[in-house]
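Below sits a lone chain in structure tokens, taken as the form predicted alone.
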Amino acid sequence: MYLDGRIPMIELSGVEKRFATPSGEVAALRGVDLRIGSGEIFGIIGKSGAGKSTLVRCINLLERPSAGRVNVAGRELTTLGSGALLEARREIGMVFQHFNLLASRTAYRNVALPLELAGWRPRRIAERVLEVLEFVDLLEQRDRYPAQLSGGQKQRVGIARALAARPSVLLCDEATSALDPQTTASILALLKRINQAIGLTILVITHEMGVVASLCDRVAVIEDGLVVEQGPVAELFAQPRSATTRDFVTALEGMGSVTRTLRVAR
């Protein structure tokens, strides 16, 4: 059990990732340990090049760690063969910065795609796609193509697609970085509503402390492939220990938004 009695949904133990380059081996992750509780909204924040995107790709094993263990929804992914890993990945929804929608498919058909690949029957697909499109407030746009949608609407399609197969975990990799502030606020509100409505565990990868303050229960700060500190969001704002965290907090304070953001979020 972990964190107020919640069962761990994501566990990383000693995760390392090394890449070979012409100038030698580069360590992108250096012994990352994380425990994320079921139903928690957890943030991972770091500056460009800190290892955030590599970390999220190791969680769903799009990148296989060089060392360490990755456990998601009770399954140790690092021990699975290709077939079992494909099945386990269906427990993990993914939302991307640049939406990753298929331009030749309508919103409806983009959301249907993972269900088609999973072998769902057409009638069941139709019921589920309409259900999730309604939940993300896009039912009226179901027959529009990505080129006909705003950035916020495209991201809602991406979220609906990630939710379609009823995952246990939702990974959001810089999901609001391409959006304006007002649209960002609406997407964060949607993610919070999803968490509250179905208890979905959400992991948010970001370089924006405002996103963490608005949405997350806890946060880990990553620097040069290491988690340099982690804990409840309010505690890290009040007593940042690492230089990286202090930089993020100072930048947000300079915008005059720390107190307001925490008050609205809570």
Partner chain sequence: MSHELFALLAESLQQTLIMVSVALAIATALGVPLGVILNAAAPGQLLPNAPVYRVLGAIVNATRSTPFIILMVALIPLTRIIVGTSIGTPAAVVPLTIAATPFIARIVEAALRDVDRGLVEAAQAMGATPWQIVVKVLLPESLPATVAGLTLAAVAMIGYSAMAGAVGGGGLGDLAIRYGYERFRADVMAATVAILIALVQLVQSGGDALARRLKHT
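None of the values given here were measured: they were computed from a predicted structure. Positions refer to the first chain, counted from 1.
Note that the form predicted together with the partner chain isn't included here; everything after this is about it.
Chemist: Run the contact test on R156, A185 and H207 with a 4.5 Å heavy atom cut-off to the partner chain in the model of the complex and return yes or no.
Modeler: Heavy-atom distance to the partner chain in the model of the complex: none of the three under 4.5 Å.
Chemist: Could you tell me which of 71-79, 139-147, 176-184, 191-199 sits within 4.5 Å of the partner chain in the model of the complex, going by non-hydrogen atoms?
Modeler: Selected range: 139-147.
Chemist: Examine L130 and determine whether its closest non-hydrogen atom to the partner chain in the model of the complex is within 4.5 angstroms.
Modeler: Although the partner chain is absent here, L130 would stay clear of it in the model of the complex, with no heavy atoms inside 4.5 Å.
Chemist: Examine L113 and determine whether its closest non-hydrogen atom to the partner chain in the model of the complex is within 4.5 angstroms.
Modeler: L113 belongs to the contact set for the partner chain.
Chemist: Classify A126 as contacting or not contacting the partner chain in the model of the complex by the rule of any non-hydrogen atom within 4.5 angstroms, answering yes or no.
Modeler: Outside the cut-off, so no.
Chemist: With the partner left out of view, is S38 within 4.5 angstroms of the partner chain in the model of the complex by any non-hydrogen atom?
Modeler: Although the partner chain is absent here, S38 would stay clear of it in the model of the complex, with no heavy atoms inside 4.5 Å.
Chemist: Using a 4.5 Å cut-off on any heavy atom, which residues of 78-113 would contact the partner chain in the model of the complex?
Modeler: In sequence order, L86, R89, R90, I92, M94, F96, N100, L101, L102, A103, S104, R105, L113 come within 4.5 Å of the partner.
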